[in-house]
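Have a look below at one chain only, the form predicted alone, in C-alpha cells format.
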Amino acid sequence: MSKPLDYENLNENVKKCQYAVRGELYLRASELQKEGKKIIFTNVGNPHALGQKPLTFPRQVIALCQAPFLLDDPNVGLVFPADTIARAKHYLSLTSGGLGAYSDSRGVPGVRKEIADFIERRDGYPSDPELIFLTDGASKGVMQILNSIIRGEQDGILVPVPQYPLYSATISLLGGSLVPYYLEETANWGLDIVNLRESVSQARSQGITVRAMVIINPGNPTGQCLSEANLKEVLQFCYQNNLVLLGDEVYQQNIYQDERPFISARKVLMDMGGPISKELQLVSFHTVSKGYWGECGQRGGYFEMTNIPPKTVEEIYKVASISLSPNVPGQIFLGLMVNPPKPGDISYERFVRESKGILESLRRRAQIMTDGFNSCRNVVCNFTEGAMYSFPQIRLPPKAIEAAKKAGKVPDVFYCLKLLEATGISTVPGSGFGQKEGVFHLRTTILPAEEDMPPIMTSFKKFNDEFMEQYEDYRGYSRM
C-alpha cells in the first residue's frame, strides 16, 4: 500500500519545481569532493565560501550583540572600538530581549526606520518604515510576494530569460504560469519592449492573466545594468498593462563600469511624477548576501512596497506572522549595511578600505573572466557590468550535441559535467536559467580569489580547447 509521502503521492508542484543552482552539477561536484577531488564551487554567489573576508565592523557589532555580557567586561574597550560598542548597545536597546527573542513579524521597527532613511538618501524621496518588511534573505521576500499574487495556473508572471531560477521554481511551487521575455544577448542582454508586448499577447491568447513583471537589476545570470531610459519604458509598460513590478535589486552595490550606475526602479518611478508615480504598484528587494558584504549565511533581506493598498499590506503582514519573526541577527546586519560607519567614526577608515578593496578586486575579476572566456575557442562572453556572474555562450559543435543526446543529457549539462570532471570547476548550465532554442551557456561566479583567477581561466581554456578538438568535425562544421 502506497504511503502519503511516497514519491508518486507528492504534491505535483513540488515535483515540477527545479532549481539548477543546486541541481545535478552541484550534487556531482559534492560527490567528487567527498572522493577527494578539489572542487571550485563557482555555481552559487556565495562570496565567503570562496575566500572573501567578512567586513570587520559589522562582525564586531554582531559579536557584541550575540554575547552582550562582553559589554560589561571592563576590558571590552581594549578589544572593540568605541563605535562598535555604541552600535551594539543601540541594537540591543531596539530588541525586546536581545538576539534570542522574536521580533515583530515585519522586523525590528528601529531597523526598518534605518532602511527607510537609507532609501530616502539613495532615491531622494521619503520611505515609510511601515511598508518595509524584513525577511530571511531576499528570496523569502520574493516567495512571500509571489504567494500573494498567484491565485492559480491562469495567473502569469513575466520573468526575464535567462533568469535566476528562484522565480521559475517558486512560480511552479505556487501553481502559477511563468511568462518568459527574452533578453537580447547581442545587445548586451538588453530588454526590448517589443519583445515584452509579444510575450504578454501570446500569454493572453492562451488564457493567461499576466499580473506581474520581474526585473533583475543588475542582472543574474547576465550581469547587465538597466539604464534610466530602459527603466522608464518598463514602468510605463507595467502601468499600461496593469502589472505589479517586482524589482530584484540585490546586486545594487555590485557595479563594475561607470557608464550605467545603479538607479532604483522606485527613484525612476518617483521622478516620473504624475498619476503613474502614485498608482503603479512596485515591490523592491534587497539583501546583505551580495554587494561587498557577501553575508549569505546570515539570511538578511527586505522588501519595500510602493503604492500597495493598506488592506493588502495587512494581509501580507498576517502571512508573515505565521513564521513569527525573521531571524534577528540578519536584521541587525541589514541595519549595519544601510547605516555603515560615517566619516569621523573610529571604524570608518577601515570599513572604507575593506569595502573598496573588495569592490575594486571584483571589478578586476569581472574583466579577467570576460577576457579569459573571449580568448577561448567557440566561446563568446559579454562583459559583466554588474552582479557576480559571467554567462558565456558556448557554441557547441553538432558532434557534441549528438554525444550529449546519446548520454541522455541536455547539451550544456553534458559540457558542464565534462568541465567539472576534468577541472573541478563547478558551474551551472545555461539551461537552468532558460535560453533561446539551440543556444548554450554556462554561468560562473566571478568570486574566486583574484590570485586564483588566472589559473582557473587557464584550466578552463585547456579543457575547452580539448573538448572542441574532440567534437569539432572540420569537414562538416565551420567554427563560428
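From a predicted model like this one, the values you see are computed outputs, not experimental measurements. All residue numbers are counted from 1 along the displayed sequence.
Keep in mind that the form predicted together with another copy of the chain is not shown, yet the notes after this line are about it.
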Ok, R365, K113, R260, R299: which has a heavy atom sitting within 4.5 Å of another copy of the chain in the predicted complex?
-> R299
Listed residue (N374, T312, S361, Q202) with a non-hydrogen atom within 4.5 angstroms of another copy of the chain in the predicted complex = T312
Verify the contact flag for C65: yes if a non-hydrogen atom of it lies within 4.5 Å of a non-hydrogen atom of another copy of the chain in the predicted complex, no if not.
-> yes
Counting only non-hydrogen atoms and a 4.5 angstroms cut-off, does E349 reach another copy of the chain in the predicted complex?
-> no
Is D473 close enough to another copy of the chain in the predicted complex to count, meaning some heavy atom within 4.5 Å?
-> no
Partner contact for P429 in the predicted complex: another copy of the chain, 4.5 angstroms, heavy atom | no
Exactly one stretch in 289 to 297, 366 to 374, 398 to 406, 181 to 189 has heavy atoms within 4.5 Å of another copy of the chain in the predicted complex; which is it?
-> 289 to 297
Taking another copy of the chain in the predicted complex, which residues of 211 to 228 have any heavy atom within 4.5 Å of it?
-> R211
